[in-house]
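Just one chain follows, in the form predicted alone, and it is written as structure tokens.
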């Protein structure tokens, strides 16, 4: 019954989605020549009507997109054709709606005046001003340390939380499941907020500077590593866990002696990769006062000093490339 209701819900969603794209995006902005006021009464009727049509069609004839998605197949060749056509129509309309909403304009991209202005900027970017190399290097060092400290502080918290965020370790009672859901909710929520936003919050909280940027990366890194660590824990071989449990070991001993040894190498690999990511993120959060090379970059960009901007961009690219090579070698060695 639950699966039937889920299939029905997917069919209703597809119908409402197709109708909404047609009425709210394609008709107002294309068919009516950029008139953006939709017809509310028609909209409601169209959405409800198409949603019900697909739901009834899917239930009565088995030509169900929900069945196709959940079961991987539908009974009957023409039912499968109908379901596939509905799916392709949804995808095609999504692409058209995306084109319209984002305002894609090839003519604007290749406009002569725009190309000329972009050419001037690129010319300045690739003729860097080497006079600021010293100060840029100092700012880059600050960025690297900022990323390193954020990763180092986040790892112990992520390590501890990951065991409580792993479904296979927290499925033995109501309280553990509640803890699992709570940690998953908090980490998903904090991870969904970009480090740029966290940097703004902490810049107001503790003041502009590298400390605010580090705190922003710490929050995001804890959430991300907790997710990666916990998913690795969920994929461990259950054989050693069952063997150690059979000896009468406590649950803590089972986790420590059977789960942790299987996860150490992947955890190290995830951590190194996260430091690599944090170096890149640290250059961005500096744009909102998070310290490091990003703060220097936004200052020169605001003054339209493109030669200096070019110097900083080239330096960032070199450091990120070097960090990427080093982290890749380390991950290969760990494997």
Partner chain sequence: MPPLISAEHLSFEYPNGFKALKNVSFTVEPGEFLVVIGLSGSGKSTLMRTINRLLEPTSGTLTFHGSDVTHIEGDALRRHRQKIGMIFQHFNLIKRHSVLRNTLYGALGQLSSMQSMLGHFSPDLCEKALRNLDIVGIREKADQRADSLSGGQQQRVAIARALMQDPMLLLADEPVASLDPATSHSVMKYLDRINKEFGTTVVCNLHFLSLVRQYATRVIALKAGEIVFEGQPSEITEQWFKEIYGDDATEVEIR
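Please read all numbers here as calculations on a predicted model, not as lab measurements. Residue numbers count along the first chain shown, from 1.
The next section is about a form of this same protein that is not shown, the form predicted in complex with the partner chain.
Comment: the partner chain is not present in this chain, but in the predicted bound form one of 235, 194, 131, 242 has a heavy atom within 4.5 Å of it, namely 242. Checking 113, 102, 77, 247 for any heavy atom within 4.5 Å of the partner chain in the predicted bound form turns up a single hit: 247. Taking the partner from the other structure, the partner chain in the predicted bound form has a heavy atom within 4.5 Å of a heavy atom of residue 253. Looking at residue 258, you'd find a heavy atom of it within 4.5 angstroms of the partner chain in the predicted bound form. At least one heavy atom of residue 265 is located within 4.5 Å of the partner chain in the predicted bound form.
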